[in-house]
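Below you'll find only one chain, the form predicted on its own, shown as C-alpha cells.
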Amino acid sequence: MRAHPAGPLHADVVSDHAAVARPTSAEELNRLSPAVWPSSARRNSEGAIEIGGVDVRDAAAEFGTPLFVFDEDDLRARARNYREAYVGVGARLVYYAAKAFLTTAVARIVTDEGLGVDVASGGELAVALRAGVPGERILMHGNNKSMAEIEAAVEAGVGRIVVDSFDDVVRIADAAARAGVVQSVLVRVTVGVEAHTHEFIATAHEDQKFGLSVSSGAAEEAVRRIAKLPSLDLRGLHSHIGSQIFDAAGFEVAAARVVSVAQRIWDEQGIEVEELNLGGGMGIAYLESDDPLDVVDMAAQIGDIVGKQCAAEGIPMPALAFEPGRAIVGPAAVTVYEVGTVKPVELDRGLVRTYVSVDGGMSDNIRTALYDAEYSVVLASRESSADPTLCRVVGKHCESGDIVVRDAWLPGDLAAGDLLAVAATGAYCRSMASNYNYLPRPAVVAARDGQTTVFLRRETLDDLLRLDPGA
C-alpha cells in the first residue's frame, strides 16, 4: 500500500545544504506551484502574492499577521468536486469533516455546495446549527460523547450518530427514548487496517481508542444490542482508516473487511446493512513532490472496490458516504507571517543555517511539532533575485520545537518586515490553535474577486483577559 505520511521525519540537525533541493534560479525560488498553492494564487506586477485577487500586503495591513487567507472559490470548487465525484459512485451524502476547520461561514459554504457536515463535539454541532445546517444533514462522531452532547444531537434531529462503544448504545437509546424519537445510527468498526501514515492519525488498527473491533466480534455485538432497542435504527457501518492517504489501496482492504461484516450480519441476524460510510482521510499536497490521487479517480476506485466486494459476498451494494475534511479546506488557505528576526547560525564544518523568526508559530500551526509535517513557504511581499539561503522558519514561542517549516530555501536578502506565506494551512492549523504564551489566535479571512470576508476576527488581549476573573 502506497500512502503518504503526515510528515516525514527529519534528523535533529540537517548537516548538509543538500538535505533539501536547492532552487536553481530566482524564478524557481519565487514560483508558486499549482499543486500546492490555492488555484487563484499568483504574483502581481509588484511581485507580491495575491489570493482571490487580494494582495497579501493589503490583507496583512488590514487584519494583522499571522493571518489565514482562504481562496473562497477554491474552497467551493473542492467541496463541489468531492460531492460530484462521490455521488457519482453511489454516495448517499458526502459530509464535510468539520474538525479540519469550522466557522459558520465555512459550514454555510459547504452546505451551499451540497455537502453535509460531520461534527465531533457539542461545540462543532452548535456551530453547524447556528450556520443553519439542517439536522438531517449532520453526522455526529465521538469516542466519548457526553449525555449533553447526545441529547443536543437528538434534539437537533441529527441524521446519523456514530456508535463508538457499548456505552454509546445505551446513552443514545436513552436520549432518543426520552425525546420520543427513533435515532438513526451507524456502528464504527475497527477493521485492523493500519494506513501507512503518521501513528497519531492512523485510526483503524486494533490498538487505539476509536470504534468496535471486528476481530473480537464487538462490532457485531453492538448491532445485536441496537436491534433490540426500539429507539434506535441501525442504518449501517462506519470505517475510517486514517488521514493523509494518497491512494485507494488501504480502502480496498478496509472495504473488503467491512463488507464481510455486513454479510455476516445479514446471515446471522437478518439485518441488512443499507449504508457504508468509509470516512475520509484523502491526502493533499504539502510539497510539490507530493502526488495525491485525483478525487475523481479515487472515488471511482473506491466505488469499484466496494461493488466488487459486495458482489463477491452476494449482498446488495449499500449506499456509500464519505467524510473529506483536509482535502477540501487544506489547500484552499495560506498563512501569512511577518518576519521579525533573521539570525544566521554556524553549524558543523562551516555550514550556516539561517533562522527566520516570524510572529506566529506553534500556536497557529502545531502540526510541525506534532507530526514533523512539511510545508512549502515563499517570500510573499515581493520577489527577489538574491541567492537562495537554507533557512529554518521558526515561531516566537519559548520552545525549541516551535518550528513552522524545518528546511526551506528562501532569498538571501530576507529581512525584518518581509511577509512569508506558508501554503496548504487550511486544515488543522487554526482549528488546533492555542493561546500558548498568551498569543491571541489569528484572524481568518476569505478572499474572492478582490474582496475579503472575515471568517474569524483576530483575538485580542482583552478577549484572553476576559476569562481571568482576577484581571
Ligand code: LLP
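A residue's number is simply how far along the shown sequence it sits, counting from 1. All values reported here derive from a predicted model rather than from experimental measurement.
Unshown form predicted together with the ligand; subsequent notes refer to it.
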Next on the checklist: Using a 4.5 angstroms cut-off on non-hydrogen atoms, would residue 97 count as touching the ligand in the predicted complex?
Outcome noted: yes
Item to check | residue 280: touches the ligand in the predicted complex, heavy atom cutoff 4.5 angstroms | outcome: yes
Item to check | Partner contact for residue 238 in the predicted complex: the ligand, 4.5 angstroms, heavy atom | outcome: yes
Item to check | Partner contact for residue 188 in the predicted complex: the ligand, 4.5 angstroms, heavy atom | outcome: yes
Next on the checklist: Can you tell me which of 256-264, 350-358, 214-222, 238-246 lies within 4.5 Å of the ligand in the predicted complex, counting heavy atoms only?
Outcome noted: 238-246
Item to check | Position in contact with the ligand when the complex is considered in the predicted complex, options 137, 396, 83, 367, heavy atoms within 4.5 Å | outcome: 367
Checklist entry - Considering only 116-143, what residues come within 4.5 Å of the ligand in the predicted complex, judged by heavy atoms? => result 118, 141
